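Heads up, the chain below is alone and in the form predicted alone; it's given as structure tokens.
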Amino acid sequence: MMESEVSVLVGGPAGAGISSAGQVVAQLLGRLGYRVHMYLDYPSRIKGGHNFAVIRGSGGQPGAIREKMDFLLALNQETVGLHRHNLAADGVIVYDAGEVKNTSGIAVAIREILAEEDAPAVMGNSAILGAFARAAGIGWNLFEDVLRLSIPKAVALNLAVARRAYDAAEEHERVPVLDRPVFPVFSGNEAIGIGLIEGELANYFSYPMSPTSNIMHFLAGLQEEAKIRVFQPESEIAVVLMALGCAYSGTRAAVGTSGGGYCLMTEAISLAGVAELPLMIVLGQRTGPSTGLATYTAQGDLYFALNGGHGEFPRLVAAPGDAEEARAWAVAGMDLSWKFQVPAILLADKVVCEGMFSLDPDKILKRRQETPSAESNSPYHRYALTGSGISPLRFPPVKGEVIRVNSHVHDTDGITTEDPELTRAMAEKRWKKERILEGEIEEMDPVNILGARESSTALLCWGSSKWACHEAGEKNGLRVVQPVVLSPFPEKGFARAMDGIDRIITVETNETGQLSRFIREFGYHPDDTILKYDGRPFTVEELDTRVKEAVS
């Protein structure tokens, strides 16, 4: 085990509660003072297959996993067969003696415990967690407290099973307690949900598509407390049209989807563009094309997010690299969408959405909440030509007024027109908004600089590749540049981040180097590209090796 560092892998068959077990391990490490990241791996099928979670705790915030594990928790033989090579030299396998054979480590007769306690098979995850807690030298009282908070039902029986396994195991190596504040651990989807609520969400619409499905589940559990409504319509088309209906009536709404659902939404996104209706979209990327690998990660939808929809209109696209950025830009997306009356797209990926991260509970987000005040004069001009391009908003019903939105080219009242002068004026009005939005974005730290800031070689990345690049940059003495906002592109902030750089290496989880192509539009020409497109994220060791090859 490295100093101030611990990695745990828990694996088993589908239906064994591996995701829940991983979350408990993440919460345990968080309570010990570690900053935590969890990666969840499960097959794209309804039933069957191997599931596993990797949880990494560190003194500094991790956002990428390592290849070597200090603890391998195995509920079946397949887990050992697939992951034995990941065990560190001083690591240990904690396993179900009834399922795993010819393996050394800490054996616990989980099947026998379940039978004697008359407990269902799924509670094997509580047993393996109890055995892990003992093997890691974690006190029973702390473990019990975390498990109680994590179990939705049958708490007493789960605790009885876990205690039996805890007592049957033995301590292997005590995980040190770090003397630092305890941060809660959230998934990226939960952080996005929190950010949407902080951005004054009133309605959330979604049709389930991994990796954003859990946003809907999380928000549904907060409907009464947060005074929001969560609704699952019959299709993604209905989802986005309901959100636009809310925008017309003055109610903040957001939608969540993945690539296939976003395809169905694009006509309505264009409607939002010409009708100047606020629209907040969480677009979670997964491996394509088509259904692809529905439960694995990729960064293949950059151009889709930038250009999805016919015609030309401004939009905000932000790609967070972790849960903290996902929360912050969910808030900002809500506010900026309403201020500028444009679609806002939070372009996350599976690692961010379904991964878990520590969040600083005391971090206060700066709001940019200003919504243009309603025009008081009559008659009301919904698309009034203004110096900023932002027209005043009013919402029906307003006595004596008709408030129009229109999918056609229209005049200032919202009446359809084909007049060339008005067509040009309305196009220019919309693009005025983008120029002002870009200026506001520049004040919001839209580009991160990590690693060795003085280096003249840059690792350029976006989204969840941020943290693997951060560690590779620090280890190899390279600057890491991560643009978070991709539209409108923060050219000034990016130029400052790239000042002094004479060599660019891009790092992406796609096949074609989409960010590499994109930044060429702004005069930057990458020298090397490191790509990964097998549906899995970069591990720390893997990227370090490939960076060394690129700079040698």
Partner chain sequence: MKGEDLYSHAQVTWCPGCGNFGVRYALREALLELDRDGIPVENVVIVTGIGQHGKMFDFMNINGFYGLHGRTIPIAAGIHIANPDLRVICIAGDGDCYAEGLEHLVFGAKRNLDITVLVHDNRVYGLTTGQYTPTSPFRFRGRSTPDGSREHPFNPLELVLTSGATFIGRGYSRRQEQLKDLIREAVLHRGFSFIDILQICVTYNDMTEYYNSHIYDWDQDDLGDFEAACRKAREWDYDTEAPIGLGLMYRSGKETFEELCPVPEQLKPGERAALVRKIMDERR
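Here the rigid core means the biggest group of C-alpha atoms that line up within 1.5 Å when the two forms are laid on top of each other. Numbering follows the first chain given and starts at 1. These figures come from a predicted structure and were not determined experimentally.
In what follows, reference is made to the form predicted together with the partner chain, a form of this protein that is not presented.
For the candidate set V100, L147, L114, I194, a heavy atom within 4.5 Å of the partner chain in the model of the complex is found for exactly one residue, namely I194.
The listed set A319, M356, I281, C469 contains one residue whose heavy atoms approach the partner chain in the model of the complex to within 4.5 Å, identified as M356. Note that among 439 to 447, 117 to 125, 178 to 186, 68 to 76, the stretch whose heavy atoms approach the partner chain to within 4.5 Å in the model of the complex is 178 to 186. Taking the partner from the other structure, the partner chain in the model of the complex has a heavy atom within 4.5 Å of a heavy atom of V398. Put simply, W140 is far from the partner chain in the model of the complex: not one heavy atom of it is within 4.5 Å. Using a 4.5 angstroms limit between non-hydrogen atoms, Q27 touches the partner chain in the model of the complex. Contact annotation for A202: at least one heavy atom lies within 4.5 Å of the partner chain in the model of the complex. Taking the partner chain as it sits in the model of the complex, the stretch 240 to 276 comes within 4.5 angstroms of it through a non-hydrogen atom at L241, M242, L244, G245, C246, Y248, S249, T251, L264, E267, A268, L271.
With a cut-off of 2 Å and the rigid core superposed, K47 has a Cα displacement that reaches or exceeds the cut-off between the shown form and the other one.
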